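Next come structure tokens for two forms of one protein chain, structure 1 first, structure 2 second.
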Structure 1
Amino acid sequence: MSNRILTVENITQRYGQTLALDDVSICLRQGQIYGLVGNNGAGKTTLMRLITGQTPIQKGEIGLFGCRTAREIRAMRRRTGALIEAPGFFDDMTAEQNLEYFRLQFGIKEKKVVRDTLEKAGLSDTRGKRYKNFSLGMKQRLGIGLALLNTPEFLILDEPINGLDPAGIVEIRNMLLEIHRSGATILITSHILSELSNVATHYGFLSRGRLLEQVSAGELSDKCSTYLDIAVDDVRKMAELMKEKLHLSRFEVAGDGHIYLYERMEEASAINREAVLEGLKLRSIENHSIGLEDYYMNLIGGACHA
């Protein structure tokens, strides 16, 4: 229990007649990078607003660092940093001047924290460059820098790579991995699911306000890994052959005459030969793989292969 950074229990949230979140429960533990996956309108930003206290909770509970009461949670939010919307930076100020302004607003005593944060954000060399002349990637890094200003143990980021070019995405990715190595726990959303897979250690899949699944990166890798699709006339007999004679265990009968095999895919010819010897008719035997985007689309469509 002590290493739980965030608990969300049975949160339900409505905006008028729209059900934004429907009985959502998640748990983040210390050291995780939790990727919250969902299309537009899935409820990701609503959930983040509730966690950060920007929106009052209608039904359910949230816990931070093991604390439950409203007073305790307000105190624990000082240990968090968040970037949910574009911050109100001043166009004619430099990165350092903007962070200095917010340092004073936050009541942070150490002036050195501004220089340290600029270094973490990769903005130490911007010098006299004004915010209005920043590239989108620089603006995103400064926004994350603002979220880091109080040296948070828990960082919450909503779409931090949205709109960036490939080089900007790599910069943000490396920045996040460095922040994580320093000991921070991170909750992040992204529309670029292939990029999310480069950083996330755990995932939660949201659709229409409902949490469909929570998995670790390892579990997801197993589900999205390459598999052998065996199309056969008698799946029951083929499954028995695979188990009893070929000593295979990591497979599933997928319906419509298909079996998905997740081990020893290189032995396709041997599997085919044994099937023929047993009088089974194989229509096809092919290698397939599932990407994160495909996995999510299958999940929300109710037809996931895994």
Structure 2
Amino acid sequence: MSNRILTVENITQRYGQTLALDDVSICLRQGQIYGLVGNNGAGKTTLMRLITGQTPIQKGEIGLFGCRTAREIRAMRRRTGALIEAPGFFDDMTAEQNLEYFRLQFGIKEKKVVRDTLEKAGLSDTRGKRYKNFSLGMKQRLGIGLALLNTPEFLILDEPINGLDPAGIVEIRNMLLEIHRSGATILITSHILSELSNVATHYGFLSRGRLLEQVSAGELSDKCSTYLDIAVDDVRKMAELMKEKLHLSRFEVAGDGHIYLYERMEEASAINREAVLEGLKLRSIENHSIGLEDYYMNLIGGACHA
């Protein structure tokens, strides 16, 4: 697990006045499935475009498989597979012709790889159908197929399950897990965070071009596991009590007589006791889990901490 597959160091990227990425650094080690989480415009796709060489880097450095010079990185990209945004194929060619075009271009010797990839992507029965007549899901499958054409050691996927039906999502998830089991490292983004949490072993949270946090799935699970939902008659007084007497800071005051506490949840009885001593009426104290979505929203400040 110590081999570095990708290192992104202090990348800053601007589009005119807009700061797309602000001093972003990440590191992916062999065998990880790294889920990049961020809202629209957070900089996920920009970062992926830089990694895949679609966009020249303005400031910062990227390393791939331990290589750092532009020439070496280009050579290392042959060990990667990528699908960034919507797949790009020729409208008037079939799935097989499109993959054959890239097989020739990538210098892959075995012709058989095209048929195998089509089968893997679930497109072996498309035969004479032209790409322009494909459904969104079929196009996405072909894009994923192309990313797998050269049996990559490092897979970079931007929104790979876009347009897929539920069965397709499960199929792609299983495919990714299988590729991961065979030793590949994966960098993936998805708007469907619940789906991301089914596969990712590590997470990076991006917002407005800044990397807010990097955690492993285990760490995230600890952080997300529970929060304390305190229903009380006077939330303002309760918040003051929690801040001043109990020295708690990571809590959120909801407008409906509830306070959500994200730290020291094991001290529920102490909180209860202090509240009673202060004359507050507690209606309930309950443990809840939060999902990846809520965690991200809390992280970017979607919740208002008291």
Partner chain sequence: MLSYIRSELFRFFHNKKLYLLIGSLAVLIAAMVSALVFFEKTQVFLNATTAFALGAEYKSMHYLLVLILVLSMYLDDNEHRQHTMKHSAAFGISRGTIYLARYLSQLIAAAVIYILMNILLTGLSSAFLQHSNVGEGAELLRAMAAGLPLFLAALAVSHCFLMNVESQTSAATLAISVILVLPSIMNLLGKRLDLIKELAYWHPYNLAAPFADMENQVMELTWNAAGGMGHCYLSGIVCTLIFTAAGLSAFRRREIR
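Since this is a predicted model, take the numbers as computed values, not measurements. Residue numbering: sequential along structure 1, first residue numbered 1. For clarity, a rigid core is taken as the largest C-alpha set superposing within 1.5 Å between two forms.
In this pair, the copy labelled structure 2 belongs to the form predicted together with the partner chain. For residue 67, the Cα coordinates differ by under 2 angstroms between structure 1 and structure 2 after the core has been superposed. Relative to the superposed rigid core, the position of the CA of residue 218 differs between structure 1 and structure 2 by less than 2 Å. Once you line up the core between structure 1 and structure 2, the Cα of residue 284 ends up 2 Å or more from where it was.
Core-based alignment between structure 1 and structure 2 gives a C-alpha movement of 16.4 Å at residue 255.
Core-superposed comparison between structure 1 and structure 2: residue 94 shows a Cα shift of 4.6 Å.
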